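Okay, here we've got a single chain as structure tokens, the form predicted on its own, with questions on binding and movement later.
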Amino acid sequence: MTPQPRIPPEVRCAADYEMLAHARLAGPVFEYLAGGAGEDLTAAANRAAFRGLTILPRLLRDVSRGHTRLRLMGHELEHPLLLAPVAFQTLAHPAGELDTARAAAATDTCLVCSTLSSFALEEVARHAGPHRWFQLYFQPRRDATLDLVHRAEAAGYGALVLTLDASIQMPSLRALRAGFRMPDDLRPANLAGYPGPAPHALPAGASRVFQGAMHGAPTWADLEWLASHTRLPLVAKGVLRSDDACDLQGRGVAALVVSNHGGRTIDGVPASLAVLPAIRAAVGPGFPLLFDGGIRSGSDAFKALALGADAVMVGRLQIHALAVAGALGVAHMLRMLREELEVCMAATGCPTLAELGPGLLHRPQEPHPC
């Protein structure tokens, strides 16, 4: 009989799942899942940005009617925590994305399914709750991209999350040094049956980067083409610049995700949290803005929300909880994150998310506000 999953007694906060996952996963696999690109400078900057902010409690506020509900892109959500798209989740647990989807359904959480999931998007949708989005990588052929979009529409996904910052990536030196290799039998289930990229021979003197790796990378024209071929709202993920944010907003994108891909694309870019306030200022107060990059606790989520995000995405912590206790672990992690967020809201006298703002945060080197 297969033993039932349980929550290890060592889990005292959501972040404890990372420590336990390190002990549960094979070393090279953990290094691949936990690491970033290059020397992990950006991944470390994501975490340091949160540590550079403290929370300023407010006294004597009535929070007896407090809640974490929000309206995002026309939908009512119970809380602002989303499960970010994470590829190949069977590296962490045999049930992979299916268990993650079950946890999302059990906790009223919006799930974002990756193009590179270990299970087909239709199967993931059957286990997820009503709030589910599909993360899309543009494929080398437009007919394959369009077929993925039509499948997502038919499976009831409510939005397309376009990852725009990963056309080229620096290798993870941490994973390479640990000896990680992607298992030969691990394939993206969603791409089965599609033709691979056509052979692209580089002429003499051509760059392996500009004419090689970036061959077929999406452009503004591809974005416009996609928008004309789907009824789903488009969410642009990977935004770090205010000018890009304004251009995307002006071209009809429904929402943005401020993200540096968890530090897994180009090492040395800014922490997502560091650029969040400027992007919020650029797009204005009413435009849907999500955050991704380094969330490990409810207080992290609180800080990102206070700096202008409407909701946050949880990536590595999701996969750590999955590795430790499957669906139960992911659901438990989400519950703990939500309660940690509620504690921060209560301590700062914020009964609703709408009352969060930068005035609730303090940088230790700054004088205290009066």
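Heads up: residue numbers just count along the shown sequence, starting at 1. Since the structure is predicted, the reported quantities are computational estimates derived from the model, not experimental observations.
The discussion below concerns the form predicted together with a further copy of the same chain, not included here.
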Testing 225-233, 67-75, 113-121, 92-100 against a further copy of the same chain in the model of the complex with a 4.5 Å heavy atom criterion leaves exactly one stretch, namely 67-75
Within 4.5 Å of a further copy of the same chain in the model of the complex, all of 13, 60 and 275 (non-hydrogen atom): yes
Wondering, does residue 346 line up within 4.5 Å of a further copy of the same chain in the model of the complex on heavy atoms? yes
Is it the case that residue 48, even though its partner is missing from this view, gets within 4.5 Å of a further copy of the same chain in the model of the complex, heavy atoms only? no
Are any of the heavy atoms in residue 177 no more than 4.5 Å from a heavy atom of a further copy of the same chain in the model of the complex? yes
Close approach of residue 241 to a further copy of the same chain in the model of the complex, 4.5 Å, heavy atom: yes
The unique member of 288, 129, 218, 158 whose heavy atoms fall within 4.5 Å of a further copy of the same chain in the model of the complex: 218
Answer key, a further copy of the same chain contact in the model of the complex at 4.5 Å (heavy atoms) among 246, 168, 182, 146: the residue is 168
Partner contacts in the model of the complex for 335-355 (non-hydrogen atom within 4.5 angstroms of a further copy of the same chain): 335, 339, 340, 342, 343, 344, 345, 346, 347, 350, 351
